[in-house]
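Here we start with a single chain on its own, the form predicted alone, put down as structure tokens.
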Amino acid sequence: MGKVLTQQQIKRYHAEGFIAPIDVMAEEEAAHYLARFEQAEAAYPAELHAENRNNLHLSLSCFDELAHHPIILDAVEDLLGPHFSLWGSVLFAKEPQSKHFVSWHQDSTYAGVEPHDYLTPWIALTPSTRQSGCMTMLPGTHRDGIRPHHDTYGADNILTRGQNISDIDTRNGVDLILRPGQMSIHHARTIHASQPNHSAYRRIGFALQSYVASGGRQVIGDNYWLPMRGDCEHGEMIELQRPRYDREPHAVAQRQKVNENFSRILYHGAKQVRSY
């Protein structure tokens, strides 16, 4: 038995490459975080628009709080051990009746973080259902290494390069149905995707992408890390700081540097660079 996860959940994660749902908070608390995000989105549209939602935990206190939520960190510790840091985060917001989707991919393909044994919690701030375009996981695919990906740059594909794995059997895919306040956790090599949002509301989820055990490091770009628990060693790392309040000038500047580095890493070797 772990701090949060049961032994069965831990075994399932290692066998299948993901677990869900995991209760983090009540729906009312999730609604509070959603309201804080939407207030900031309305107040600072240039900083939180659809092409600029990476690493919001570095400048907005609501996402910093989520990144440090004790239940999330306890669940991560159950899987990674007591020493780990956070590499980055992404806020995913699919608008109602939008065509946006995420193609079949593995997170570790372009992240530049090695080794690949790291994980991503995905916290639902609105209902994540089949109708609203929830994530679908392919069980056990984390055990097969990195698959070849093809960059499509599809206009409706949310992924930076529209990267896609072809020639895979998706019939045993598992839909991750989450209510607000629940999360999933998936391995960096687990193949997953999500479909368009056909619902009447925004499907919003916050991906902490990713928590990495001490010893992991960035091998493509600058080695930025936000230490979370224990002794965090990541080579010649650049240690990030938590924001003391929303849009603290130092925090905003720090986030901009990290996002520029994020983009260089994700588009490394790409034939085309988009605006996110």
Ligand SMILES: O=C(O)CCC(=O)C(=O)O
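Source: prediction; values computed, not measured. Position 1 is the first residue in the sequence shown; the rest follow in order.
Note that the form predicted in complex with the ligand isn't included here; everything after this is about it.
Within this chain, Gln209 lines the site of the ligand in the model of the complex, having a heavy atom no more than 4.5 Å away. In the model of the complex, none of the heavy atoms of Ser85 sits within 4.5 Å of a heavy atom of the ligand. With a 4.5 Å cutoff on heavy atoms, His105 counts as touching the ligand in the model of the complex. For the chain shown alone, Ser194 is a contact residue for the ligand in the model of the complex, at least one non-hydrogen atom being within 4.5 angstroms. Only one segment in the set 76 to 84, 143 to 151, 89 to 97, 162 to 170 has any non-hydrogen atom within 4.5 angstroms of the ligand in the model of the complex, and it is 89 to 97. This chain is displayed alone, yet in the model of the complex one of Ile185, Met135, Leu178, Ile72 has a heavy atom within 4.5 Å of the ligand; that residue is Met135. Counting a residue when any of its non-hydrogen atoms is within 4.5 Å of the ligand in the model of the complex, the hits in 108 to 130 run Thr120, Trp122.
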